[in-house]
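Only one chain is included here, represented as structure tokens and corresponding to the form predicted on its own.
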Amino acid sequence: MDIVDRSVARAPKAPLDPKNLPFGRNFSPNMFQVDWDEGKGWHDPRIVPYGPLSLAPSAMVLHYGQEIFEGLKAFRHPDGSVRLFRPDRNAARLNNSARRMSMPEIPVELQLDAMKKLIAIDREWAPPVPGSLYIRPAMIATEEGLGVHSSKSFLYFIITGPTGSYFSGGKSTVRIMVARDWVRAAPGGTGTAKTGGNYASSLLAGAVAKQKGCDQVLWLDAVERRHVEEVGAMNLMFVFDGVVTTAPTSGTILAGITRESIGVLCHELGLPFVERAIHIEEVFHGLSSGDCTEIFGCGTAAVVSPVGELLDGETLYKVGTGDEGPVAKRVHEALTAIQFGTAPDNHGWMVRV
């Protein structure tokens, strides 16, 4: 499928400074779009200037939340090239989300081709190390009309933007609040789909966490309210007696690409790595006894985010020394070295634009 190029050429007005690029606030000058209609399939792929979308007030995405998205990054390497990190895994996950949300899958080849061509046009917006170019593919229901059913038309689009650190303020660790009064996802629900409603339902708990001086929310399972699931927009890992431990993606947890990659790197670094159910009381006991020495979140935006404190009600638990631990530091350095091209990519994870 040939992609029509209607892009505008516009380089940044000044050199991009990763220290002054807050996450999600700066966008590149172009975007990709392609439409889907029942009986016609995907058609009219194009790269156009970044700008507002034209939607009818009755567009079904606005009323029934039929929407999915992804998030990945491209990195500038020492040779000047720009490379995507594991885009095939994000493309496959988007299709998994599409199936769950009763939306059309989009061929992986089309997704990858669109990303490469868009980034090639806006390559000057990929900042130097330690910055990156964040990529946000999304699909929305565009059929005009009310009535609860799957839309008969959709728009898939990709926007990009230069970014520095996900967390601002210079903090090396974050404080996490355990959610006792809310749940993020239930068995059989949409927890494994990357859809906007999952995040909308988390906002109230996030606001309460902010009021208590916390950065993120730790979600427990919806049935027993005992087992650890995710943290905000990240998967979560614990170090119990030297073993890197994470909850399994059992239907309510998003299967993170960073999470998957860290599992591979742990084995290569000689760090024991397991997936198993984790009881929240086990975490509290481990923090009190010293058996749990580290907790860290992992995801595309933050990469690795060490947890310094865990708040449960009025009880505040300190994680290790309260600073970044040695395991989080090792996996962060190993992963970012591959992403930034300063270590060999033995897995074929980096895709040149």
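The first residue of the sequence shown is number 1, and the count goes up from there. Please read these numbers as outputs of a predicted model, since none were measured by experiment.
Omitted here: the form predicted in complex with a small molecule. The next part is about that form.
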property: Heavy atom distance at most 4.5 Å to the small molecule in the predicted complex, all of Arg46, Lys116 and Ala138; result: no
property: Exercise: Val307 in contact with the small molecule in the predicted complex, heavy atom 4.5 Å; result: no
property: The small molecule contact at Gly161 in the predicted complex, heavy atom, 4.5 Å; result: no
property: Partner contact for Ala233 in the predicted complex: the small molecule, 4.5 angstroms, heavy atom; result: yes
property: Contact label in the predicted complex: Trp182 to the small molecule, heavy atom within 4.5 Å; result: no
property: One stretch from 257-265, 150-158, 99-107, 121-129 that, in the predicted complex, holds residues within 4.5 Å of the small molecule by heavy atom; result: 257-265
property: Gly286, Pro29, Gly325, Gly299 - the one with a heavy atom within 4.5 Å of the small molecule in the predicted complex; result: Gly299
property: Interface residue in the predicted complex among Arg93, Arg175, Arg83, His227, criterion: non-hydrogen atom within 4.5 angstroms of the small molecule; result: Arg93
